[in-house]
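Starting off, we have a lone chain in the form predicted alone, written out as structure tokens.
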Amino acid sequence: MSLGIKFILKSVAGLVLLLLTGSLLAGCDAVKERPKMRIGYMNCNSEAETRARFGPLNEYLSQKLGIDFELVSVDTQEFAERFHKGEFDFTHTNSLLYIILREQKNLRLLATEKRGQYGPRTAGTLISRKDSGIKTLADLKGKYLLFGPQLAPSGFLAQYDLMLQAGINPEQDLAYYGIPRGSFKHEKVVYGVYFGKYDVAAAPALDLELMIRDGKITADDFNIIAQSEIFPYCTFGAARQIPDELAEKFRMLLLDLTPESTVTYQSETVKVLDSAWIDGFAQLEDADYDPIRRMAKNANMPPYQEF
């Protein structure tokens, strides 16, 4: 065999070995798994709605951060206990739950959701039917009232605080108060008054705004007996053990979202904010949540309750 042929064969063998090595390395990269983490999303109306709303946002965060985020939908009453067990790395909750987790587990504030007329803030209202004759807080004595979930800052806490400030003790001065069962509790309290089963409802200002916008009710149907001060809306947080760099990247991704931000989700290109029913995110300070702290202390609610 000539020297030229031997050289060619050696060159070909070397090239084949190089290609095989590169292919194996590429294969290793292809099967390398991304890190996995969990985001706990508080159910507002139902688990199905929570997954439909926040699935694209969850996928957007996964793609941008290179982390497989598992979306975990959690009932409001179970959220604190499950967070204490270390089940979630990041949280999306209402502002009262943020305060509870902040006080108990030093949850880190990331960003606050913007939605409706008050942007990153919201309020609670007390409403009655227009024809009820119930127009002031003093008129509530002896009446039947329907609250939203007990850990809802704009559906229970704000209204409870309003009554206490007016010298009305809901435990003693109302004829009865209740909380509806099942899902979509905030809409149920509005309809409870609309159809005359209850005299007064503790309705979030945002839910009234959205129900009027969607034609479910009209503003002329109700008296707004009282409205609370505004306070922060739903909030993203990070567990204290999350590295600062990752928490900051997560925060900036939320703050940088625009109405045009899209993600490929379930083989479709969707707008992230539209899917989540969110106008955007804002950077608030922990001190902005002090109105919630004051209300919770006044109403003897978690995390400040005294027995």
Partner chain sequence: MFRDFFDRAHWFALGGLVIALFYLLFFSPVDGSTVRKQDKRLELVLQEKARIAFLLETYAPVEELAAAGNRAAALLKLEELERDFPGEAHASILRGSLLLEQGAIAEGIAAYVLGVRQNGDYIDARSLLGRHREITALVEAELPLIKVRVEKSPNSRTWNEALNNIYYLQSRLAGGCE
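If you're wondering where the values come from, they're calculated on a predicted model, not measured in any experiment. Numbering follows the first chain given and starts at 1.
Omitted here: the form predicted in complex with its partner chain. The next part is about that form.
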Every residue in T76, N300 and P303 with a non-hydrogen atom within 4.5 Å of its partner chain in the predicted complex? no
With the partner omitted here, the residue among E209, E87, D139, D173 that in the predicted complex has a heavy atom within 4.5 Å of its partner chain is E209
The one residue among F184, Y118, Y144, Y191 placing a heavy atom within 4.5 Å of its partner chain in the predicted complex is Y118
Per contact check vs its partner chain in the predicted complex (non-hydrogen atom within 4.5 angstroms), the hit among 60-68, 259-267, 38-46, 277-285 is 277-285
May I ask you to check whether Q165 falls inside a 4.5 Å heavy atom distance of its partner chain in the predicted complex? no
Taking its partner chain as it sits in the predicted complex, is I224 near enough to touch it, meaning that at least one heavy atom pair lies within 4.5 angstroms? yes
Is there a non-hydrogen atom of A52 within 4.5 angstroms of a non-hydrogen atom of its partner chain in the predicted complex?
no
Evaluate L255 for contact with its partner chain in the predicted complex, applying a 4.5 angstroms cut-off between non-hydrogen atoms, and reply yes or no. yes
Of the residues spanning 206-224, the ones with some heavy atom within 4.5 Å of its partner chain in the predicted complex are L208, E209, I212, R213, D214, G215, T218, A219, D220, I224
